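The form predicted alone is given below as one chain in structure tokens.
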């Protein structure tokens, strides 16, 4: 039997970063927003765990024990007492080390796919508990939509947004990724340099009200990311990318998560096409992608008996 699922990328509509915790992580408060941009993951029975990649984007992903997809195979096996007999094949469409949680999406996809493959029958809540141990964004990728994340991002609560048309995004991605730990270290250094008192993280009320109103321009005005200055310090060229998107008419622009991808909010579908063309011709990024949100979390596409 083989199981194929899709798993979504994400942007952070708001990301507030608190002080460094004793465990080396930072407390955060964020609004996750799942995108229609996705990876496709297929799992099959195998004598031992393995992962292969079909790269549709620039970048390098490890295909050994360092791959989070294999960590997900092993974590589910340990929880259920099942042998980790699964080969994983990933069609990679989410840019690598890009602030879009592509690795987390793959781990979430593997949890759902192997749960189906092995017929272990774990409910979503238990898969989410395993996901929380794998990475900060994995639990969100399971569920998708638009959600508030706290703790390291693993504690989730739905956002009550007004029914509205999908948000249309244009993503400017770089072939050279940024290390998430390096961006957090740069943020800590910048705060130390200025002697900034770091408050406990909180999602902005302006963003929550904008989401509840379902107004694209209100949402655009409320986009925030505490990691953006640190990403710009490590990758100064991102300032040019952000400005190029605004010059091309984006209603909102933000570095996605730890970067280096920049997410631009368009007024509507037609505008997103024009914006993507302008960014492609501006020469400020390696890849331009269009997506909508909020998207579903991990979705089973097919289950085939071999």
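What you see is a predicted model, and the numbers here were worked out from it, not measured in a lab. Residue numbers count along the first chain shown, from 1.
The same protein also exists as the form predicted together with a small molecule; that form is not shown, yet it is the one meant from here on.
Asks: Heavy atom within 4.5 Å of the small molecule in the predicted complex: which of 115, 104, 225, 174 fits that? Just give me the one.
Replies: Answer to the contact question: 104.
Asks: By the heavy atom within 4.5 Å rule, which residue out of 231, 131, 98, 210 makes contact with the small molecule in the predicted complex?
Replies: When the small molecule is considered in the predicted complex, the option within 4.5 Å is 98.
Asks: State yes only if every one of 10, 61 and 68 has a non-hydrogen atom within 4.5 Å of the small molecule in the predicted complex; otherwise state no.
Replies: Yes, the whole candidate spot contacts the small molecule.
Asks: Just one stretch in 191-199, 123-131, 85-93, 149-157 has heavy atoms within 4.5 Å of the small molecule in the predicted complex, so which one is it?
Replies: Partner-contacting stretch among the options: 85-93.
Asks: Any of the heavy atoms of residue 218 lying within 4.5 Å of the small molecule in the predicted complex?
Replies: Output for residue 218 is no: heavy atoms all beyond 4.5 Å of the small molecule.
Asks: Does at least one non-hydrogen atom of residue 180 fall within 4.5 angstroms of the small molecule in the predicted complex?
Replies: Residue 180: contacts the small molecule in the predicted complex.
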